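Only one chain comes next, encoded as structure tokens, the form predicted on its own.
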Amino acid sequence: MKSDLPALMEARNLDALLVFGDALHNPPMVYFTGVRHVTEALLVVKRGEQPLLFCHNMERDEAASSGLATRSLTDYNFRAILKESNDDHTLANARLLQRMLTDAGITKGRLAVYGERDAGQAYSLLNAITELLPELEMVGESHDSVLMEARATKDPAEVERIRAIQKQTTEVVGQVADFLSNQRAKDGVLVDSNDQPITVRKVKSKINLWLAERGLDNPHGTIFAPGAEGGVPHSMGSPDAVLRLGEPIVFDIFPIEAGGGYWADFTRTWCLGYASDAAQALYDDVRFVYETLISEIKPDERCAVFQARTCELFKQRGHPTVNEDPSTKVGYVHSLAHGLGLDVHERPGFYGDPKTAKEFLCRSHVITVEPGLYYPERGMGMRIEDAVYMRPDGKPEVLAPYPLDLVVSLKQ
């Protein structure tokens, strides 16, 4: 949580944080500003102090709506800085940043850098600023960064935002189920009132419309993968594929708040009209593991313990897993879970040795739980996924419950 940042920064010996980029689709910036139309901004967080947001004067009202202290980039007169730098844009931008950091009281110490900027520009700028401010050490953090550690635990307001998005997502899933169930079958294929086959493309066009009506973006698309395509975990589903009765469809939907806020992540597997015995048996194995892990998962334990438990359960039911063969392409081929928040995949991660892995499941984490089985040569994959909140009392809570039925019945 944000309230943990001063202690986390002290533990990492960081004096300040520097965040580049827009306050749209830029998780490190959005974490402090919320979703705002603030472009090419710069945010400085000095340890123990409130963030300071530098922005263009044209966006001052949007910036002020964040509730943060703001300063206008216009006041620094970049044209004059560029002129005194002999039109050297790299030097001019470094001098601009030098003045901003100086005004923020940051001229020495360790400064961790985050956010979005062109890689080449960022490299040249950061090299130049260290020459202008030689007592300032730029720190690049990766997976275990201070921000990622703070973001892993959610405060009540964050949880409610994720819950709301997850509920809106399940509403769209319900609309998809209703749409499919109101079509009819012809020669084993789902068709519309004009006898035209219902395709993956048609379903996804409906999904995008219904998400947009709820103010949600869908930047990475939706997995709607029938048959053998569903046997490859991240296959999106061929647009022109038709939907056949009894054929499993992996439906994984992960929209985000418009402008790039918090994500949802949700999966169901459906068979239209009926399920074959083989499909039902495979699904029953996935559902058994899902329900077992939901009942057993608890905080203050290494995340890898639950991945190992998932592999154990699937192995007991006769399926290959990544525990025995990390390169397996059939059976259980991925991780049980991941953190969910301003990134669709964030901390904690559920991998590593269950006895030594560093990631622990904690109270106030929001994670997915998503066991699955994949057999493309059999023409099927199965996955169930829900977003789960590890409540302060230690109990897991599915944020947006939705039926676990495999079969979507047809009304015609």
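Here the rigid core means the biggest group of C-alpha atoms that line up within 1.5 Å when the two forms are laid on top of each other. When you see a residue number, it is the position in the sequence shown, counting from 1. Keep in mind that this is a model prediction, so the values were computed, not measured.
FYI, the form predicted in complex with a further copy of the same chain isn't displayed, but the following is about it.
Across the proposed site, N93, S142 and V232 without exception bring a heavy atom within 4.5 Å of a further copy of the same chain in the predicted complex.
Mapping the unseen interface onto this chain, Y290 falls outside it, with no heavy atom inside 4.5 Å of a further copy of the same chain in the predicted complex.
Contact check for Y123: a non-hydrogen atom falls within 4.5 Å of a further copy of the same chain in the predicted complex.
None of the heavy atoms of E84 is located within 4.5 Å of a further copy of the same chain in the predicted complex. Taking the partner from the other structure, a further copy of the same chain in the predicted complex has a heavy atom within 4.5 Å of a heavy atom of Y351. A single residue from the set D118, E135, D240, D300 has any heavy atom within 4.5 angstroms of a further copy of the same chain in the predicted complex; that residue is D118. Of the listed positions (T107, N323, T130, Q280), a single one reaches within 4.5 angstroms of a further copy of the same chain by any non-hydrogen atom in the predicted complex, namely T130.
In sequence order, K358, P376 are the residues of 358-376 having a heavy atom within 4.5 Å of a further copy of the same chain in the predicted complex; the partner itself is omitted from this view. Residue displacement note: D187 has its CA displaced by under 2 Å between the shown form and the other one (rigid core superposed).
When two forms of a protein are overlaid on their rigid core, residues whose CA moves 2 Å or more are considered shifted, and Y274 is not one of them between the shown form and the other one. Once the cores line up, the CA of N93 ends up 2 angstroms or more apart between the shown form and the other one.
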